[in-house]
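As structure tokens, one chain now follows by itself in the form predicted on its own.
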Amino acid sequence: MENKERKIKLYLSVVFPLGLGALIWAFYRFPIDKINAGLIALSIVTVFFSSYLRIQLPRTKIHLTVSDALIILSLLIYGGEVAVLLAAFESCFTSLNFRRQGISIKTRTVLLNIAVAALAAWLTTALVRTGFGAAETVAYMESDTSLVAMVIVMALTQFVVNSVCVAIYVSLKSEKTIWQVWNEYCFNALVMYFTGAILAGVVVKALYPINIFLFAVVIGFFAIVYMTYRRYVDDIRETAAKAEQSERERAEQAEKHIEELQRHIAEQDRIGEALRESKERFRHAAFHDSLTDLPNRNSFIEMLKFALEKHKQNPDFNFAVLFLDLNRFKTVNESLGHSIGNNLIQCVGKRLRELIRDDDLLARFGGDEFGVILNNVKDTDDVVSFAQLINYKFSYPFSINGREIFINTSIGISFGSAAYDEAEEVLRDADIAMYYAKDHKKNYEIFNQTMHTRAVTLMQIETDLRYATERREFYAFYQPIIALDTMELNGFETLIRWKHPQRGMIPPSEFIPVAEETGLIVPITYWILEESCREMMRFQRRTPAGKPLFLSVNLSSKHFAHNDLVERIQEITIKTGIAPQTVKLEITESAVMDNPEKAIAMLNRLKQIGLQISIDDFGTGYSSLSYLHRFPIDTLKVDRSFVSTMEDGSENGEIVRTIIALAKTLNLDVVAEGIETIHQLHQLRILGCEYGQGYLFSRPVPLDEAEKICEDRGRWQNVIPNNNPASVAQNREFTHLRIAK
């Protein structure tokens, strides 16, 4: 294709300049003194009317047009310059007229037609002048022999130039040989050119004794009459063709009518049978799952309505609904593929089908969710035994394509009751119980009203969370982080607090999990980061020169799913003007271990803009030491659960010692959380822990109290020397007031 296009462009690059040269020659040598009314009339007829004046030869595809005759006539009367220009203009108008009629013709084809017409007229002029002299002189000579010979040369030249140029172009486009194209499309045109040349010679001889203007007027008149006549003939021909086609169609329709009537009865019988079969298929599809062929949610709801109505009519009839969800099914789907996942769903359906009785119902709701209706249950133990049986059966692996897959379920149970008005309410409560079991890592859970209240509360919290930022209900609290060697303020950890307009202060343990689950934790974290960075800039400006205070902010694992995390945090640091080196981002072990490679890449980018990284609650997760040394972290935070039990002489003291030793080996800082007693502080100082925070120093405080702490950075320096028992007891009183982060 590229080679063919390249040849076409090469050919056009040769023809276009030659045609342009012919036009320039004609313009440059145009005989202005020959302009008269006759030339104008001849030009108008040639350019605008000649393409319409054509007659089709009987039983051929050849159309005789007067355009060739008029161009040769202009050459005989006015010379080659006029003929070149008229040929170019006539070709341009005719090509554009084809396009106006809806015929597809490219711009470069239009230009090629113009160039070939001009080139053919110029070569005809050149050959005539070489062989006979000026054409206009020969035309009015007494010798008819010279005129006939000259006209024949004109016809041959026009034919050869036009046919060869067109044949070459069509050959390049169709990949046929030039001879094939010329013989098939161009050879018949020889008649057109000879006819036009003879007609032009006759007209020249006829014009000699009469007025040319009068002749042009007569020609124009007859041209109009001819076009009107041809339009009339074309209309008659089109009308006759339509009438003939209509008669033919009516005859065909009459012939088909009997056949259609014969097929009609048989078709009606076939359609009736197909409708009956289709109705059964659609009914089955509407109430069954396509993957497992189990009843679907629609069928389940219908049966549930029947069971509920039966219970209301007969209180002795008891039933229960079980809502099953496969744990870790998403992991199976993503790791092994959807084909394996579909096979697993089918195997689960078969295993569950083996457990239910004939009068019970098993349905698949879609995804990895199933529902069971147990009819005629005796008591709660009966349903619990069935749930335990399901979990027991699921303790055996599923064998799929030679692979053993272990998967278990979370089951929610609700019992039918007359208190339910709608069947969907029974299923809803079983769904709530299932999520409660999943959240609490249990195999099954029986619904109670507390679960519903909790679900409604969580839903309301989610709704209120979406407006809390707009309503400025969030507040940043600051807990001091102390350098344990100097007992001076080293920085703050920022903690989010929510003051609900109706419920007051909502504990973070209530709204943070909801924010995590819904993804709202991401915009909330960006807000508190910007707010605390702005306030930290004020703190840093008010503190004495030296090591600036740093800010520590928690990042959720949800942030690592957002590719714009680094850009958003960098934007906040630039907007607030805080030095990135004074900002420390705290992440949990689980957040970085879910996808270590991606986490490492993001943490490295955060480090590149100057931020510090801290692993929060270290020791409570499932960190891999093979990954830990690859993380670009600066600090390990010892979880409060280890610090609070150091005094008990348990193994947690050794865990703290090990974490601190590990941090020193990796050249990391260590921050101990939850310091509440002097004894804990002493032990941590002895172990070489650099920093600490906890109620011994201060609980998380609002902004105004944090400002007062900044004004007295060394207020804790007398904690160890005084060792005041009263102070210790006072700090112990705060242990029951711990606020979750």
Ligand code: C2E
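All residue numbers are counted from 1 along the displayed sequence. Treat the numbers as computed from the prediction; the structure is a model and nothing was measured.
The discussion below concerns the form predicted in complex with the ligand, not included here.
Contact annotation: the ligand lies within 4.5 Å of heavy atoms from the stretch 489-497 in the predicted complex, the single such stretch among 571-579, 599-607, 489-497, 438-446. Taking the partner from elsewhere, no residue among 21, 108 and 162 has a non-hydrogen atom within 4.5 angstroms of the ligand in the predicted complex.
With the partner removed from view, the residue among 203, 512, 423, 324 that has a non-hydrogen atom within 4.5 Å of the ligand in the predicted complex turns out to be 512. This chain is displayed alone, yet in the predicted complex one of 616, 530, 431, 464 has a heavy atom within 4.5 Å of the ligand; that residue is 616. The ligand in the predicted complex comes within 4.5 Å of no heavy atom belonging to residue 690. Contact annotation for residue 652: none of its heavy atoms lies within 4.5 Å of the ligand in the predicted complex. Of the heavy atoms in residue 674, some are within 4.5 Å of the ligand in the predicted complex. In the predicted complex, no heavy atom of residue 367 sits within 4.5 Å of the ligand. In sequence order, 695, 700 are the residues of 695-713 having a heavy atom within 4.5 Å of the ligand in the predicted complex; the partner itself is omitted from this view.
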